[in-house]
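To begin, one chain is listed below as structure tokens, in the form predicted alone.
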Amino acid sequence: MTDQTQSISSVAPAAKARAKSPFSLSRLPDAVTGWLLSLPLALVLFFFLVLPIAMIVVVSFWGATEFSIYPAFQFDNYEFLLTSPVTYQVFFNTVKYALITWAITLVIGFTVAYFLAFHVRTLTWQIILFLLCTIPFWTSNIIRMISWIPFLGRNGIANSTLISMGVIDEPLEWLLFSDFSVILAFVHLYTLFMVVPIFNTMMRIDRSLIEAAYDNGASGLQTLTNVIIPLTKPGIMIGSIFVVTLVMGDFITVRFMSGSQKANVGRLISNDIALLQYPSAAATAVILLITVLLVISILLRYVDIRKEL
């Protein structure tokens, strides 16, 4: 009894001190406490996301000469971009690469995720096969891109094999330094960004729903289209956002795999920066950012991914 009294008497002053402390979060309203807890992350996002974007927007209205840039508020950069046919051609190429890559990665990513989630029974094999999908990410993007050049070249492995098999009589020129090679590299680089969210969503599907569909006479295709795909929409949307934004912002892949014969918006920005035309590059970046945000807003209209996150 004496020990309990001593312990209570030792804890009571500390509790009173905490209660009297002006810095105790428990004395603040819940709304104020939430804002204080989110303040560090808000500061990080402000200094490393909002502030750089705001600086890019400001610089996009500046002027530039061959040797310098000067602060101003003018629409010359946007007027030049929006009236130039080159800009529309470059944006068309960017959207084309994004859509084709998205479609191919969606088919491959959904197939791989479906196989891992529903046809691999043990968790150990799921982990092993999933790790095999991540092996290409153990090397840099540039090395993975360059590895396609000796394979797709005029005298590369692909053409040599096809000629030796008698499928073709002369090398195929369009295998390398073309839209085909660019899209192939994009698919190689970004398919995993589609596999991961779809697989994560499929693993959360209640297997009793699939069994109930089969019990009610649904075929495999009906179960896929009416049960699995609707429940996998959040993962599909997350993967789509990853792939589309990465492809639209990429520039090094187009440069290497097209032999500098093709261009996208990322390459346009890179070229302006190399020529020290920062206001023009900033204006192009702002237009690209608006385009990406519009694409994301369209994707978010089909599914609420906040439930998935």
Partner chain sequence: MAKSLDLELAATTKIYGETIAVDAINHKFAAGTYSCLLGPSGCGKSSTLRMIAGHESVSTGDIVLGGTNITDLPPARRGTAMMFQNYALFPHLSVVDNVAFSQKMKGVEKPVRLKKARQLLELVDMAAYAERLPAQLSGGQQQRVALARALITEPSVLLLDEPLSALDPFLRIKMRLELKKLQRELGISFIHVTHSQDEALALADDIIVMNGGRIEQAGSPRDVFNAPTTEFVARFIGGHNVLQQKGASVALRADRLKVKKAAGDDGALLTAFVKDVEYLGSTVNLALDAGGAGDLTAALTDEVFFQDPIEIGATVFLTWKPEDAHQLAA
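As the structure is a prediction and not an experimental result, all values here were calculated from the model. Positions refer to the first chain, counted from 1.
Omitted from view is the form predicted together with the partner chain, to which the following refers.
Can you check whether residue 216 is within 4.5 Å of the partner chain in the model of the complex, heavy atom basis?
Taking the distances in the model of the complex, the answer for residue 216 is yes, it comes within 4.5 Å of the partner chain.
With a cut-off of 4.5 Å between heavy atoms, is residue 79 one of the residues that contacts the partner chain in the model of the complex?
Because no heavy atom of residue 79 falls inside 4.5 Å of the partner chain in the model of the complex, the answer is no.
Taking the shortest heavy atom distance, is residue 140 within 4.5 Å of the partner chain in the model of the complex?
Although the partner chain is absent here, residue 140 would stay clear of it in the model of the complex, with no heavy atoms inside 4.5 Å.
Should residue 170 be classed as touching the partner chain in the model of the complex when contacts are defined as heavy atoms within 4.5 Å?
Residue-level check for residue 170: no, no contact with the partner chain.
Name the stretch: of 225 to 233, 114 to 122, 155 to 163, 180 to 188, exactly one has residues whose heavy atoms fall within 4.5 Å of the partner chain in the model of the complex.
This holds for exactly one stretch, 225 to 233.
Which one of 103, 127, 209, 146 is close to the partner chain in the model of the complex, taking close to mean a heavy atom within 4.5 Å?
That would be 209.
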